[in-house]
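Here you get one chain, nothing else, as structure tokens; it is the form predicted alone.
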Amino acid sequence: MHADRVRGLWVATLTPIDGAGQIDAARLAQHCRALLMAGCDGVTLFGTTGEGQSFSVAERIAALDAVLAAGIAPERVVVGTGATALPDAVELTRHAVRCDVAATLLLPPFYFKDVADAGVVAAVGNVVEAAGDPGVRIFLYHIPSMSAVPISPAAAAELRRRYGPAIAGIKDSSLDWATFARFRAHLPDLAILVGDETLLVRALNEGGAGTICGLSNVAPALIRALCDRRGAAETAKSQREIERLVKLFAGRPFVATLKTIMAEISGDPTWLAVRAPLVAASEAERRAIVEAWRGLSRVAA
């Protein structure tokens, strides 16, 4: 695997769904290709933005195979392999290793709540060991707002101690600067990426590795500018713009809103579809979202 490449701008990629309710792998590959051509360093499949937990193991494996067969370089792909059942997470991780993607993004099992650090360590360790390959590289996915099972700095440090380079980094989607700072303090040798675009510049300035984020689906040039920090004035302007864009999503369901913007940018209504339990934006909601999107001073699609 190629975890050392997971730096800079990696897109938490949306998953297009066809009229039959299945993953549209051709559109997914086309979208990945467009994002890479737009200057993104890589794509991340089947995270939260990609509705990963709504798709079966077989669907996720088939879609990854199709994306790679379409010519997307595996070293520019991270794939989410989290699942509530450990054997499913193991199967997805083994497949990712066979495909030689850059790394996997692994949630802790999330059905049982109030899980102790020892339980998180045991679960992730089970995946590492059962993957059966010394080359496995895992980014721990800390997103307590969704999983309700946090990955503490202490748990991450213990996993790193036990498994060394198999634990390659952390995606911190806590949306909390103090949490990022704790990860950096406890794990200075790990790549820590943020999910919150508004924290990206600050994180990079404090030694962060970059971002895996959803807004880069529709504004890759803007996020690229934040990553590159092209002078103080331009960076400050980009920071203001990303903060305005983030406000568009306040009080709105993130995936349905992002897919509405994607449909508007592409002119392709296929992008509106989501898989249950998510619900697509209503016609009135779509009009409001599109009006707000068009009202932004800059949309770097």
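Start at 1 with the first residue shown and count on from there. Here the structure is a predicted model, which is why all the values come from computation and not from measurement.
Same protein, other form: the form predicted in complex with another copy of the chain, not shown, and the subject of what follows.
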Check your understanding: Hey, in the model of the complex, does Thr48 get a heavy atom within 4.5 angstroms of another copy of the chain?
Key -> yes
Point to revise | Distance check, Ala288 to another copy of the chain in the model of the complex, heavy atom within 4.5 Å | key: no
Practice item. Using a 4.5 Å heavy atom cut-off, state whether Pro109 contacts another copy of the chain in the model of the complex. Key: yes
Review point. Hey, in the model of the complex, is Ala292 touching another copy of the chain, heavy atoms inside 4.5 Å?
Key: no
Check your understanding: With another copy of the chain left out of view, which of Ala123, Ile72, Val201, Ala166 would have a heavy atom within 4.5 Å of it in the model of the complex?
Key -> Ala123
**Study point:** Residue (of Met146, Ala157, Ala130, Ala181) lying close to another copy of the chain in the model of the complex, criterion heavy atoms within 4.5 Å
**Key:** Met146
Exercise for review: Kindly confirm or deny that Phe139, Leu175 and Gly251 each have some heavy atom within 4.5 angstroms of another copy of the chain in the model of the complex.
Suggested key: no
**Study point:** Segment that reaches another copy of the chain in the model of the complex - one of 95-103, 208-216, 224-232, 110-118, heavy atoms within 4.5 Å
**Key:** 110-118
Exercise for review: Between 257-290 and another copy of the chain in the model of the complex, list the residues on our side with a heavy atom within 4.5 Å.
Suggested key: Arg275, Ala276, Pro277, Leu278, Val279
